[in-house]
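Next up is one chain by itself, shown in structure tokens, the form predicted on its own.
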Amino acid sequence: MKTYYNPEDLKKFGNIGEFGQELADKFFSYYNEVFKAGALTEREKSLIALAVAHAVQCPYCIDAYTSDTLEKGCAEDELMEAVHVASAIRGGASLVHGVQMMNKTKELLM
């Protein structure tokens, strides 16, 4: 299937420093530190990353963190719950802006 995003490009992510090595090194150092176990397990962080990948609609991240969560022992229902959490937050964020619309509507109609 041909898409705008080339799934093969995910494998090239590590080469992003080709046009700016210093910042890439800093990013990957930070990135790798973030995903180490801390107060949250690596498994929990991977599920969060999967949910965020859906919220920001990054197909590369969705592919990467679907694989990563499965490798870390997550079950299919856990992956789907993570996606639903992201959907609920995105939907809620849209709906809460409805208050702004209601305020503006009331202002214009009064």
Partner chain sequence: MANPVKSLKAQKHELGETEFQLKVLNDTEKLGFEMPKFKSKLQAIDLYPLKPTGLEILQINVGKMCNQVCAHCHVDAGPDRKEIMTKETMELCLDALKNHTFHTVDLTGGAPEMNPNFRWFVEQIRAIDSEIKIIVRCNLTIILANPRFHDLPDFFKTHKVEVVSSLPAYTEARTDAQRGNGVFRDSIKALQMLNAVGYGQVGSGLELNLVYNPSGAFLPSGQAGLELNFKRKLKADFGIEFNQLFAITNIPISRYLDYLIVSDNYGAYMEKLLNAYNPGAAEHVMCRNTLSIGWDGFVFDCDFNQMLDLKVACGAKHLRDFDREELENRSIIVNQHCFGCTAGAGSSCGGEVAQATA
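Just so it is clear, the model here is predicted, and its values are computed rather than measured. Residue numbers count along the first chain shown, from 1.
Just so you know, the form predicted together with its partner chain exists too; it's not on screen, but the next bit is about it.
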property: Among 63-71, 48-56, 23-31, 81-89, the region lying within 4.5 Å of its partner chain in the model of the complex by heavy atom distance; result: 63-71
property: Any non-hydrogen atom of residue 39 within 4.5 angstroms of its partner chain in the model of the complex; result: no
property: Partner contact for residue 97 in the model of the complex: its partner chain, 4.5 angstroms, heavy atom; result: no
property: Residues within stretch 21-47 having a non-hydrogen atom within 4.5 Å of its partner chain in the model of the complex; result: 43
